[in-house]
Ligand code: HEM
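The chain below stands alone and is given as structure tokens, in the form predicted alone.
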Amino acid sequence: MSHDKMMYVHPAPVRVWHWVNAAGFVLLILTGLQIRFAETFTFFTLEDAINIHNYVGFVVIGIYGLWVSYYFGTMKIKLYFPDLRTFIPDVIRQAKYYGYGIFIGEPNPHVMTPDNKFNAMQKKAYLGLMFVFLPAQMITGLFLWRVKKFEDYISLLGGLKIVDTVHVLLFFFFCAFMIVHFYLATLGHSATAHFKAMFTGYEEHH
């Protein structure tokens, strides 16, 4: 398909971050399962699982820093903030589409453009994901990596059990997110369209 029928929506830095982050999430989930349920899952030796989990965790932290730098440095961060004047009706329209309209062939009420990539529901979800849940997971993971070093901060948060519980609950949240994200990515004009776009940068005009 020629590029005159395509929109360049995903710049190269975003695509690199996306796939590195996705690979990191998969490894963190697999090693996290083994660390938490060592008697059930044996993907690696337990020592290797812990080491991989720690190293990959730092890669995800580093790539997150690059993501923040890119989006704030280019002011593309505004893509994640919904228009408060139309937010409620936009969410209602999008929810109706996901819950009913998509199954009877109605068009998506959100029209993607390079300056308006996400619908209202995506913006709300990604704001929480990228600025609350992911930082919380990284911080609690860092504290669990060196408990003695960060014991003062751990105490401020209520103790080791609280920090560990938050980290594990967020772990299950991200497991669920990966499944939902994968499913939603199949809802383009074809099941693989959005996956291809995250390699090429181009989304097809609808």
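Quick note: we count residues from 1 along the sequence shown, nothing fancier. All of these numbers come straight from a predicted model, not from anything done at the bench.
Beyond the structure shown, there is the form predicted in complex with protoporphyrin IX containing FE, which is absent from this document and is the topic of what follows.
You can rule out all but one of 149-157, 30-38, 136-144, 174-182: in the predicted bound form, only 174-182 has residues with a heavy atom within 4.5 Å of protoporphyrin IX containing FE.
In the predicted bound form, none of the heavy atoms of residue 189 sits within 4.5 Å of a heavy atom of protoporphyrin IX containing FE. Though the partner is left out of this view, residue 117 does reach within 4.5 Å of protoporphyrin IX containing FE in the predicted bound form, counting heavy atoms only. Taking non-hydrogen atoms only, residue 130 approaches protoporphyrin IX containing FE to within 4.5 angstroms in the predicted bound form. Though the partner is left out of this view, residue 16 does not reach within 4.5 Å of protoporphyrin IX containing FE in the predicted bound form, counting heavy atoms only.
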